[in-house]
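Listed next as structure tokens is one chain, alone, in the form predicted alone.
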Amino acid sequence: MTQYDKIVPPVDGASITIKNGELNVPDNPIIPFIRGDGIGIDIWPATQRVIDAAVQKAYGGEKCIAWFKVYAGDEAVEKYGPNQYLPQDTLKAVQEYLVAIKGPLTTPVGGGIRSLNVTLRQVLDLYACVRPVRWFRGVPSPVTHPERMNIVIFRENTEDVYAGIEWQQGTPEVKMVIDFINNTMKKKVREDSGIGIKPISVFGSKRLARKAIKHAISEGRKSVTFMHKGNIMKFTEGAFKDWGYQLALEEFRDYVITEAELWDEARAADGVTPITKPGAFAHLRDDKPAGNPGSRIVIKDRIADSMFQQILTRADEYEVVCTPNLNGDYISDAAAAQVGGLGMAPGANIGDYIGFFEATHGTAPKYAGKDMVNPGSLMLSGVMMLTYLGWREAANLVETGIERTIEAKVVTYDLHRLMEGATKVSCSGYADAVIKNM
């Protein structure tokens, strides 16, 4: 058993294990949790109560979670000492117990860790940032048809500009890089530039595509879209798209069909010579429908700037989106804005087996301890966690409770100010209402 410095695992729980390449979840799994900084002090207790109530209602006491408190952020510094924002205890606990959940964390000011969230993803190799985005009836939205948005975004977590490989303008190191680029590689970079490197690998791209396609298969999704800027960055984002298609056809041929192949079918039916090439017919999509995919998952791709337009005008045509890191950061928030904002947007960082679920918003320290903010993001991340455990009955209860509460116009201040005739409740009061409405 793992030895810890300042934390003790609960004695009334059991470890999640891996059996035949799958998670083996006991009826009383030990789940590490990080309360989070700022409003974590409010939204975590509310979320924990809702998750526990759903598990109790769904399984009548046959299943329960043994919560294991671990530390990161400001709370970790209080317990472990100066600059101990991410103790080894916490990393070891997540590695041992495989599934964890956390509130929002503050990025330390000054040197050391660039970002706690990025560090967690890289150290634990949580290469897929998974963000489901859907609308709950009654949530105010800036778009006319928010119900058309129901996508899951798979954002690569470890590469792209988030790899953090960069050199500051004016330093000897950046001068060496610029000299190499200009003199050896015969490119032209201005001498007064800062430099960042954007690595995108075959390995990283294919494992993300694999996870996205497996999700589409298991959840009955109809399409997977590679979002990229490959028309400009041909050897990074363009390659990401190409490797995604390769993976889909090499490993999932019985389950998928490319959009280009669908267009070939349509053209062949009209007596036109087919031209099978990924993305070849994307610009013709308004002219006539492509062929019939049947039960096959359609694999397609979209240029990033076009994708931002299309999630506004054609949101219902996208179900699973697979994208490099920076694109995924942007598109996740843009999609969430259509369905109520980050307060209604859950998220998870997932590796081969470890699943780390999280609130997707910031710490909002000015509201900390006031029991007023919306805990929806963390509650919905709890839904993702329960689903990951295979406890779908409990997950469905939380979603039902949230939707019924919002439909009854019982909401926290952020939604109250946007809704006519709503009843404003506290963070804890919102949790009470969600439990009542399960």
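The structure displayed is predicted, hence computed values, not measured ones. When you see a residue number, it is the position in the sequence shown, counting from 1.
Omitted here: the form predicted together with a small molecule. The next part is about that form.
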Practice problem: Among 402-410, 387-395, 373-381, 47-55, mark the stretch whose residues have heavy atoms within 4.5 Å of the small molecule in the model of the complex. | Solution: 373-381
Exercise. Just give me the single entry in G164, G170, G362, P142 that has a non-hydrogen atom within 4.5 angstroms of the small molecule in the model of the complex.
Key: G362
Practice problem: May I ask you to choose, among Q338, N117, N325, T236, the residue with a heavy atom within 4.5 Å of the small molecule in the model of the complex? | Solution: N117
Quiz item: Has each of I39, L105 and E358 got a heavy atom lying within 4.5 angstroms of the small molecule in the model of the complex?
Solution: yes
Quiz item: Would Y367 count as touching the small molecule in the model of the complex under a 4.5 Å heavy atom rule?
Solution: yes
Quiz item: Does any heavy atom of R417 come within 4.5 Å of a heavy atom of the small molecule in the model of the complex?
Solution: yes
